[in-house]
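Before any questions on how it binds or moves, here is one chain, the form predicted on its own, in structure tokens.
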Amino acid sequence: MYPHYIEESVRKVEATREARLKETLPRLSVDAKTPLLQKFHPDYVAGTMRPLAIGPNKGDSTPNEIADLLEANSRIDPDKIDLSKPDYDVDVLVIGGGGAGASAALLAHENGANVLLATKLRLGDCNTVGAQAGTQAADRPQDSPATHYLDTVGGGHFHNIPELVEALVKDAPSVIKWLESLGVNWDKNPDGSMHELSGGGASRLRLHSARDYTGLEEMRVLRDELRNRGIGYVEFSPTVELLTDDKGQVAGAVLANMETNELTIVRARAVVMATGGMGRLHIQGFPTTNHYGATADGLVLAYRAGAKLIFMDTMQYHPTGAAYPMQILGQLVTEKVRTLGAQLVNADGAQFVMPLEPRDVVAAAIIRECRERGKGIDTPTGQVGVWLDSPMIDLIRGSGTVARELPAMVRQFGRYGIDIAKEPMLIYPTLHYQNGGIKINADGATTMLGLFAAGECEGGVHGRNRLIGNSTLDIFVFGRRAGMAAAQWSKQANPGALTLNHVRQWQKNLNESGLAQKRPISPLLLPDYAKAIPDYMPSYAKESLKPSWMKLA
């Protein structure tokens, strides 16, 4: 239910619907997109990024919030940890329990490896379960991997690593079949063919979905399969540092029990990093769609060990995050709403951007409409937004389409008295995805021997902007590839003595650069939403108020 003064704008939206049924907005030209992005997209806001002062990517710019963690102090003291008697000795250690991690674990296991999966929260607590719209794959007669490739590279502003995009689009059809073989219930037409939709930046219908619960459905079957195969996993055990051997290869990790603070040493012949994104850093103060544990841990751990990163100056702000009610601020309003026909309109009920432009373009257009043109709608809490006119869907596709195709969205807004089949949704961009990450090759191998990466924590696949449905595709394509490659590597790897020498060298470099006293400890592990501790409190009292995971050895 909207406040009375907002209802006045809703009436204007209703009044323009008949005209908008016949209105078609053209796509923006490259000449129009470039200045729009440079002026309004958050990646271009002056003073929000800085060059890294230390590490393999020294000199490269990244958001201040990420730079703080990449340049931070380790959580552990290497001199206080005994590495002589590992608690686990496995072929492949997978760090992360989302779609990429589960896929890597399954394929490593299929390729004969003894696998352990370690996850910070519960198995399946991840961004994968929040993915709603679908997974892209060119498997229709009028489509092809080549067309999917061109869409992806165009959407990424031609900065994507070609070999990674080639792997992504070529593996896509087999990924869809693999997921269905594991039990994913894809939406299908009455004749049994896949029910596919388009999306922003896509030139064909290739979005495979399970209503608007796609990621949740995909994770359901992966989690069940992992358990059914008896693959070992440990929960509530975040990785706080990687291990290297005396040859400099990655050879395991140090885990921390979040309840007891006890450290666990895992020796592994190969490690797959699959820790997901960084939305909970709330870059530039944006709300986020990300799950509670998305704090860039994998970037920090890999970077400190010596792995190179790529495209760390570009984030994705999903154009449609909930702006009202406050209880769901920043939560994802799936792009599927726009693929079905919902339009973006301002306070006067006028369209201002073609709704299926690439995500960064739509986000920039919304910000322009609110900040420069003054055509946004202010909420009682001061948040501003524009309308996503969801009732257009039933007008275009027939009564009942919203309820049938978007049950998650119906429930999300219905809890607060908003019927999205009859009333538009108030939205604004929300921090959604990390376009860059750990640099990999087509098999998921990083620049560090023994370390592989998959999913959102790796970079290069999407260039400087990701298209709808390519994130869930990414986690399965490169999760599977990294799992297979890690298993193969483990068969010939011969790790030496375990060390934390890279941590000692890191701390030495921090001290010499003068950063050690200026930076926090990392990885962050969990976002800190606690109120500031008053200065007048004694130090021992302040210490007692810190959560237990901040007091690791």
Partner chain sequence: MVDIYVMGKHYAVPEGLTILTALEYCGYRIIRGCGCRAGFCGACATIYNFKNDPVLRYDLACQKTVEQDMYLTQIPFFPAVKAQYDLEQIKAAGEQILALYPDIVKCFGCNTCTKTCPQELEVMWYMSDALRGDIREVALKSFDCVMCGLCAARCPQGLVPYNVAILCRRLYGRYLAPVSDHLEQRIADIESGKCNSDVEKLKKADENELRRLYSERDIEPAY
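Residue numbers count along the first chain shown, from 1. Keep in mind it's a predicted model, so treat the numbers as computed, not measured.
As for the form predicted together with the partner chain, it is not shown, yet the points below apply to it.
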Problem - Close approach of Val30 to the partner chain in the predicted bound form, 4.5 Å, heavy atom - result: yes
Problem - the partner chain contact at Thr430 in the predicted bound form, heavy atom, 4.5 Å - result: no
Handout entry: Partner proximity in the predicted bound form: Glu259 to the partner chain, non-hydrogen atom cutoff 4.5 Å
Key = yes
Practice task
Classify Phe352 as contacting or not contacting the partner chain in the predicted bound form by the rule of any non-hydrogen atom within 4.5 angstroms, answering yes or no.
Solution key: no
Completion exercise
Of Val234, Ile81, Leu150, Leu449, the only residue with a heavy atom within 4.5 Å of the partner chain in the predicted bound form is Leu150
Completion exercise
Assert contact residue (the partner chain, in the predicted bound form, non-hydrogen atom within 4.5 Å, options Glu196, Asp313, Glu405, Glu369) equals Glu196
Exercise for the section: State yes only if every one of Arg280, Met326 and Gln412 has a non-hydrogen atom within 4.5 Å of the partner chain in the predicted bound form; otherwise state no. Expected result: yes
Fill in the blank from the handout: Note: the partner chain not shown here; in the predicted bound form, the stretch from 221-229, 296-304, 455-463, 244-252 having heavy atoms within 4.5 Å of it is 221-229
Handout entry: Contacts with the partner chain in the predicted bound form - residues in 320-341 whose heavy atoms fall within 4.5 Å
Key = Met326, Gln327, Ile328, Gln331, Thr339, Leu340, Gly341
